[in-house]
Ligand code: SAH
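One chain is shown next in structure tokens, namely the form predicted on its own.
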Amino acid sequence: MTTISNVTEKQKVLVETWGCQMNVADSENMLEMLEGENYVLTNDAEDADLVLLNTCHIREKATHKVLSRLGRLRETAKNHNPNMKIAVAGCVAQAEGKKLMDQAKNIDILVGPGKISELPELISKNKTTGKRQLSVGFRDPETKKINKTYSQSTTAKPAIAGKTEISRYVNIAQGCNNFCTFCVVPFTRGREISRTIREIVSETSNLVASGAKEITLLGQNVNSYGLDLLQGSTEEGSLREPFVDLLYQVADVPGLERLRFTTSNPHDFSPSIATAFSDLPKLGKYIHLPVQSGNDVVLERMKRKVTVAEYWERIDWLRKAVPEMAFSTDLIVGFPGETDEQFADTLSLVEKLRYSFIYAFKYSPRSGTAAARFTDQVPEEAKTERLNALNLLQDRITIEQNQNEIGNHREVLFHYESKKEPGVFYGRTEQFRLLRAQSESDLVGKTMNVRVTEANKTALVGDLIP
């Protein structure tokens, strides 16, 4: 393979990441590759030898956003940095491919999320030949592994700009085998391919050794982690579900204080995962469990493979395991065919379950998905009204829940110090609620007992308990 390691002078790379936590983890992996090829981070496009845009395709007008940014970079190159190279990665790169390169002539390298291990070679070929480079497509699920996408080095991968070193992401699998009718992920990230437990534990250990206190395991559907590895193999030798086995082994990493994961699909969420929360204190008392709608007819059209009653069953498993469990979820309003009565069922679910917070979105048609072809699309005005009503309801619930925290003693892992207010530190409780506290000593990376004294919609305020 051609590399760019013979470059002795340090090159500067600007990394811009849009979208989900998976993209953040992918950016960190690409940055790790580039650091091995004599690149260092910069925050200034005028100073960058390479600008890497890691894109997201989950929302409408994603391509327009990328083209807009490329237009501004074209002006930066023209006026300040004529030698700038531009690489576009991520889901827009996969979904649009050559079409995007035809629209934006200043793209030098385009690479899909399934091909990011090729990034150094693509950069080298571009420099050597002067020709634009494109690599999209998916890894072969039959290989039973993710082919050298992840470093085998014994040092921790770097955090991208703006990401705290205290809390880090670890990808455990790529792709998704669930074809929800609204979702473009299977078309941009391919079928599920899991990393081995050994790889994941090793990366976690390296990150903890470099200062991480909290690890979040990432997958499009973490519940189905490892099922591809089990086909014709007994390598792990465990009687537990692969994902549950992974949780117990990662939780054993010395120095790790907190362990989280996202995202779970409720249809294959098991009692064993709920039990892990009671067995493993590091998992805390919070879970993100997307429901998308509170109505069974809508859920069936979404192909979510779960009913509202089955979703409540999973909530009950978790509350029995951890009575103080906090929940968040994803919700889509205005899905094709959704009536006012069906939307009212979503409001009712939110009112009864009382999420800590939600991620709510208006339905956005994505090219290639089944729902984009449905003829009973909901008018934009109705979507907006429903989203506003849902957010107003959740805001009230969030404020009430946060105010109920006043007087409680909580264990808080502090992640960072405010840049605008020295001596003010922010962290998360076990229920994942944001909390701020003042201290004359550095709290970053420390887990402290805090008494909650104030609360608003955004955060709790607390005093350290001596």
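Everything numeric in this text was worked out from a predicted model, so none of it was measured. When you see a residue number, it is the position in the sequence shown, counting from 1.
We do not show the form predicted together with S-adenosyl-L-homocysteine (SAH), though everything after this point is about it.
Undergrad: Counting non-hydrogen atoms within 4.5 angstroms of S-adenosyl-L-homocysteine (SAH) in the predicted bound form, say which of R132, K282, R366, R301 makes the cut.
TA: Partner contact (heavy atom, 4.5 Å) among the options: R366.
Undergrad: Name the residue from L119, I215, I172, I332 that puts a heavy atom within 4.5 Å of S-adenosyl-L-homocysteine (SAH) in the predicted bound form.
TA: Looking at L119, I215, I172, I332 one by one, just I332 meets the 4.5 Å heavy-atom criterion.
Undergrad: Taking 4.5 angstroms as the heavy atom distance cut-off, pick the stretch from 242-250, 204-212, 315-323, 175-183 that is near S-adenosyl-L-homocysteine (SAH) in the predicted bound form.
TA: It is the stretch 175-183.
Undergrad: Are all three of I58, Q220 and K362 close to S-adenosyl-L-homocysteine (SAH) in the predicted bound form, meaning a heavy atom of each within 4.5 Å?
TA: Yes, all three are in contact.
Undergrad: In the predicted bound form, does P290 have a heavy atom within 4.5 Å of S-adenosyl-L-homocysteine (SAH)?
TA: Yes, contact at 4.5 Å.
Undergrad: Does S-adenosyl-L-homocysteine (SAH) come within 4.5 Å of any heavy atom of N81 in the predicted bound form?
TA: No - in the predicted bound form, heavy atoms of N81 and S-adenosyl-L-homocysteine (SAH) never come within 4.5 Å of each other.
Undergrad: Report yes if any heavy atom of T263 sits within 4.5 Å of a heavy atom of S-adenosyl-L-homocysteine (SAH) in the predicted bound form; otherwise report no.
TA: Judged by the heavy-atom cut-off of 4.5 Å, T263 is in contact with S-adenosyl-L-homocysteine (SAH) in the predicted bound form.
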